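Take a look at this single chain, the form predicted on its own, given in structure tokens.
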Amino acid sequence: MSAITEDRRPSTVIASPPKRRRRSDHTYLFMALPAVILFFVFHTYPAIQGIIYSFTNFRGYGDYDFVGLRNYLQVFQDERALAAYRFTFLFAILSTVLVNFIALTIAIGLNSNIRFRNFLRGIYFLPNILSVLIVGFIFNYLFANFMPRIGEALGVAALSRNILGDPQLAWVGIIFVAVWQAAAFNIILYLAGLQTIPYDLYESADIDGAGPWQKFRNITFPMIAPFFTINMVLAMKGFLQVFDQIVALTGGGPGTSTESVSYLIYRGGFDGGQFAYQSANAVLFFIVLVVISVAQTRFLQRREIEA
């Protein structure tokens, strides 16, 4: 009887008239169209133009001829380009591991019930709102003037000189600055993940007698696994494109010891008359970034399921 009564009730869902729906679609289309046009004009079109130039001998000015795949083949035989790729990959891998370890450790501390927690969260987030170039120039001054004085006062020979002027140690200064500034953003993401974990799980673990390491391994890390994936992928992608820190700290030197791929593309393309050649290098680097990002995402997502 009740089923029959429910069937006789008028439906509360009223379908929109087709004309009204079309008008609404046009409104949303006009709202989205300017962004699409701007993205195409300032991003997609220059990218397509760069790909076309990569098949020429264009130097950035004057006439040019199509040379096929010659620029792409030369990249694999260029020792300077290969050295830049080696430096970039080592820098990115080491920085990604360090920044995630440091950010997760600090985030766990800031998520606990400590005094001045909100104040400390604000302090740790400050580096993220500072300009990378300004931070780089400040640390350049500190490495050149402040750190050697401390090293001399403490009698530590390794700190008594400007490490940015040493081809063997300049990368250490770049990694220090890059990790210090990048950790702020990763801390925020890890904090967001930690606050999604129900506190009941930790209370149950306490009743079962679980220690801090067991709670981290069996509760905390599995619950924030998606945030770990996001942080690892974003950090790796960002560090592979390192540029501003290089400009502010070493300019690619001493010599070419800290020259990253992005910095080499900029320097050779705009200052060295290698616009077409570095365009080919940029296309190859873009493919490398896509492959690494996709592979990294799939691997870490598989780990999320296993966790």
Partner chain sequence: MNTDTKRPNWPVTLLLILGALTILFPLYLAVVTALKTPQELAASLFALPTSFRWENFTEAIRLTNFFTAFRTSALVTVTTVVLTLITNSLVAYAIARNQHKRFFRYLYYYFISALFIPFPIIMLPVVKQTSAWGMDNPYGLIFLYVVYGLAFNIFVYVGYIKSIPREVEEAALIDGATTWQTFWKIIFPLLAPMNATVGILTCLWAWNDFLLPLVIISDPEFATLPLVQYIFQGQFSTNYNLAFASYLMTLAPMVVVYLLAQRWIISGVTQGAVKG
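Positions refer to the first chain, counted from 1. Treat the numbers as computed from the prediction; the structure is a model and nothing was measured. Between two forms, the rigid core is the largest collection of C-alphas that superpose within 1.5 Å.
The discussion below concerns the form predicted in complex with the partner chain, not included here.
Contact annotation: the partner chain lies within 4.5 Å of heavy atoms from the stretch 113-121 in the predicted complex, the single such stretch among 113-121, 216-224, 163-171, 82-90. Although the partner is absent here, residue 76 lies well away from the partner chain in the predicted complex, with no heavy atom inside 4.5 Å.
Among residues of the shown chain, residue 126 is one whose heavy atoms approach the partner chain to within 4.5 Å in the predicted complex. Although the partner is absent here, residue 57 sits far enough away that none of its heavy atoms falls within 4.5 Å of the partner chain in the predicted complex. The partner chain in the predicted complex comes within 4.5 Å of no heavy atom belonging to residue 205. The putative spot formed by 47, 247 and 283 is fully lined by the partner chain in the predicted complex; each residue has a non-hydrogen atom within 4.5 angstroms of it. For the options 188, 159, 236, 175, the one in contact with the partner chain in the predicted complex, meaning a heavy atom within 4.5 Å, is 188. Contacts to the partner chain in the predicted complex (heavy atom within 4.5 Å) from stretch 180-202: 180, 185, 188, 189, 192, 195, 199. Positional change of residue 255 between the shown form and the other one stays under 2 Å at the C-alpha, relative to the superposed core.
When the rigid core is held fixed, the Cα atom of residue 39 travels 2 angstroms or more between the shown form and the other one.
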